[in-house]
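What follows is one chain in structure tokens, specifically the form predicted on its own.
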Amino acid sequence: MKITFAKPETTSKGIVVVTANAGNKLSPSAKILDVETGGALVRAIRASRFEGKKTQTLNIIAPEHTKLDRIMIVGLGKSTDITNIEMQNLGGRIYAATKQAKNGLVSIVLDTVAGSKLNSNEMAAEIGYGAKLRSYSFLKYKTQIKADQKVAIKTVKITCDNIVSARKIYNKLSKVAEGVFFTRDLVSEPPNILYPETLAKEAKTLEKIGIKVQILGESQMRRLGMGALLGVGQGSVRESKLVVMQWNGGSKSKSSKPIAFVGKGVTFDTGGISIKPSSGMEDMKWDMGGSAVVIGLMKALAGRKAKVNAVGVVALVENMPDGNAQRPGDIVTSMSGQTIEVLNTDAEGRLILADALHYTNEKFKPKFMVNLATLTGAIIVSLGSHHAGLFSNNDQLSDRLTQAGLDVEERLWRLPISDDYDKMINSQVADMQNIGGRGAGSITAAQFLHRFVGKTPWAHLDIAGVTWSKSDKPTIPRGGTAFGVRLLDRLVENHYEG
């Protein structure tokens, strides 16, 4: 689907979308179209419950003389409702309602609304961005798609006052969308196709856009002492990998510290010897969601030429229960030198992140580290699918992450870490154990990670409840969400570019 921008003009075919404010105040362009259709828009509004509120739509069969297929009136609500995120959501809803347009063309006619913080050019760019985000689909393995199931829409044309301005804003946003799509693709792949080696190869493709990519194999990780990470993958015939990605778009000074993002990449999680129930295990193909977000984020940053030095590190393993698999009761030594008693092999994400976080911290000395992981089922019990869990040792970083999440509608909720919870993972026979008991499961998992970050500002995002959506949302079709890509891109844009 192509997103284009144009000056206001008479549309000769397809579907045309016009706007109305709260109280059914038609936009100037909508009023012109109402005259051209002999008052069809006003008559339809009078015969309906449409009031111009945000999220409201009204579809009208266009009079034959206009040669249009359909007219859609969308409500913008009050001028204060016209925000970046609401315009993105509007673009997604328009796409969903018109994607099977026979003529393949949808024209969205916009006017600047008095009192709104956004002009028509900004509205156009955000609506186009939202439409693009919603247009994602993963049909790679579908061999038979019926004609009435195929997306017919080919072009979304958005009219506004300044084409150059709208295109400039949209082009930047579209690079972020490409990172989102890359993440969604990775999360959607089946585990027989995507495993540590092939996921590492996908990350390697980022070299084409200027990212330096290094892939460490098991022998290299063994020399580094990554016993926690290697223990998780030892039951699989697939070799574990650690991928290091560097985007150097900021200061060239040797004293300039990068920012760092670390992702959990369990490409399939059976639970190992502590095997999971069979029901729902197929969902564990997206237990690598944290790594996919880091990879997609790096693509977004490089794509839009972000003025920042960023490092992305992803730990990639497959957790399988063969005769060589890690056993409950094993003790492993992490790269940091700390020993871990493995009481549950299904609490494996924290083990691979332990070594990945320590490696990142020691090698790059970053300003901060943010790790992402589909880490615990307990976070779903706590927050459902509406927020991701946030844990941090730094209030400023936590506040900035929370605000960035609000800006892009990827919401975070901070939970505590403290000495009381830390004591719950003390082991009688090792420095720590990898589970802390029945209560506070998400917190003790975060507390475990906290032991591997030293004094570096750090945040852990538990995205288990938000990585996959079972229903459509305005800019997120059912499936992989890529939650975190837009959030972290906004964090970088707001605070770390320059």
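Bear in mind the structure is a predicted one, so any value in this text is a computation, not a measurement. The first residue of the sequence shown is number 1, and the count goes up from there.
This next part talks about the form predicted together with a small molecule, which is not shown.
Student: Consider the chain as shown here, without its partner, and state which of 378, 199, 320, 425 has a heavy atom within 4.5 Å of the small molecule in the predicted bound form.
Tutor: Contact check passes for 378.
Student: Consider the chain as shown here, without its partner, and state which of 346, 178, 330, 122 has a heavy atom within 4.5 Å of the small molecule in the predicted bound form.
Tutor: Exactly one residue meets the criterion: 346.
Student: Choose from 292-300, 346-354, 252-260, 307-315 the stretch whose residues reach within 4.5 Å of the small molecule in the predicted bound form, heavy atoms counted.
Tutor: Contact-bearing stretch, as computed: 346-354.
Student: I'd like to check something about residue 269: if you look in the predicted bound form, is any of its heavy atoms closer than or equal to 4.5 Å to a heavy atom of the small molecule?
Tutor: Yes, contact at 4.5 Å.
Student: How about residue 284 - does it come within 4.5 Å of the small molecule in the predicted bound form, if we only consider non-hydrogen atoms?
Tutor: Taking the distances in the predicted bound form, the answer for residue 284 is yes, it comes within 4.5 Å of the small molecule.
Student: I'd like to check something about residue 33: if you look in the predicted bound form, is any of its heavy atoms closer than or equal to 4.5 Å to a heavy atom of the small molecule?
Tutor: Output for residue 33 is no: heavy atoms all beyond 4.5 Å of the small molecule.
Student: My question is simply whether residue 276 lines the interface with the small molecule in the predicted bound form - judged by any non-hydrogen atom within 4.5 Å.
Tutor: Yes, residue 276 lies within 4.5 Å of the small molecule in the predicted bound form.
Student: So, a 4.5 angstroms cut-off on heavy atom distances: do all three of 17, 134 and 152 pass it with respect to the small molecule in the predicted bound form?
Tutor: No: none of 17, 134 and 152 comes within 4.5 Å of the small molecule in the predicted bound form.
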